[in-house]
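This document opens with one chain alone, in structure tokens, the form predicted alone.
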Amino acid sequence: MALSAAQRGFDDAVRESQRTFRLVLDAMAHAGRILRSDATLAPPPPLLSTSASIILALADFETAIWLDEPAADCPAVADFLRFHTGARLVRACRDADFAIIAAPARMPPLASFAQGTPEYPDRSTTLIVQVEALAGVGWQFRGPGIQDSAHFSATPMPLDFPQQLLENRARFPRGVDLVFATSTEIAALPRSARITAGPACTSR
């Protein structure tokens, strides 16, 4: 393995992974809340520093990671992830514990990923979606961790993404969780978040 794949993991693995883990927990507990990330990793592109820090904090040798085409086309990304997490990479998105999406406008439908089972809803995929921008406007959400309602949007995303979110919530407690990352911010939409209004959204 090339030395460059190992050069920029966490400088202080314990503290930085714990800090990132708490940041992700905060995002998951407050759907649509945009949080600042201080990640300083230098992963191979197209992997962002923020998403790299998230996967390094969450994945280990027992987990499976799926990469979308732009990320999979860069062998250095796979080397980086294997070296720093010990995780195995899988070819099918339905087999993944975590998925890294570098081209969100062309991402597979949410239903393509592992959904968990009624007995084990945690056996589902968590998607780490790299986007250009996060905003506190657009779609409206209600659910746990949201006082009254919250507005949130991410760009770019598939045109039918609001409908996919409706269908994802309808599968609760099954379904996928999403963590969004820009170069400096993160936000999350857990499967418990219910989209109620917004562009191309027909509430159920």
Partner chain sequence: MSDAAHYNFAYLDEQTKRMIRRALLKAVAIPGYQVPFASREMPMPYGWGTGGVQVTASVLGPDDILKVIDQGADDTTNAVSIRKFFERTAGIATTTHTRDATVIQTRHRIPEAPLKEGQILVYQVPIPEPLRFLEPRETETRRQHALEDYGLMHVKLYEDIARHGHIATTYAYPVKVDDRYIMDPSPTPKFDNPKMDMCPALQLFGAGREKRIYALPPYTKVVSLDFEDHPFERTKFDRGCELCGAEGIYLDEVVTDDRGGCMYVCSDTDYCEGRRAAPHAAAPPIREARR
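Numbering follows the first chain given and starts at 1. As the structure is a computational prediction, the values presented were derived from the model and not from experiment.
The following text describes the form predicted together with its partner chain, which does not appear among the structures shown.
Q: Which of 142-150, 41-49, 65-73, 158-166 has heavy atoms within 4.5 Å of its partner chain in the model of the complex?
A: Within 4.5 Å of the partner lies stretch 142-150.
Q: Is its partner chain close enough to Arg94, Gln130 and Phe180 in the model of the complex that each of the three has a heavy atom within 4.5 Å of it?
A: No, none of the three is in contact.
Q: Check Gly9 for me: does it contact its partner chain in the model of the complex (non-hydrogen atoms, 4.5 angstroms)?
A: The answer is no: Gly9 has no heavy atom within 4.5 Å of its partner chain.
Q: Using heavy atoms and a 4.5 Å limit, would one call Ser17 a contact residue for its partner chain in the model of the complex?
A: So Ser17 counts as contacting its partner chain.
Q: Residue-level question: is Leu58 within 4.5 Å of its partner chain in the model of the complex, judged on heavy atoms?
A: Taking the distances in the model of the complex, the answer for Leu58 is yes, it comes within 4.5 Å of its partner chain.
Q: Is Pro108 close enough to its partner chain in the model of the complex to count, meaning some heavy atom within 4.5 Å?
A: No, Pro108 sits far enough from its partner chain in the model of the complex that none of its heavy atoms falls within 4.5 Å.
Q: Taking its partner chain in the model of the complex, which residues along 182-196 bring a heavy atom to within 4.5 Å of it?
A: Those in contact are Pro190, Arg191, Ser192, Arg194.
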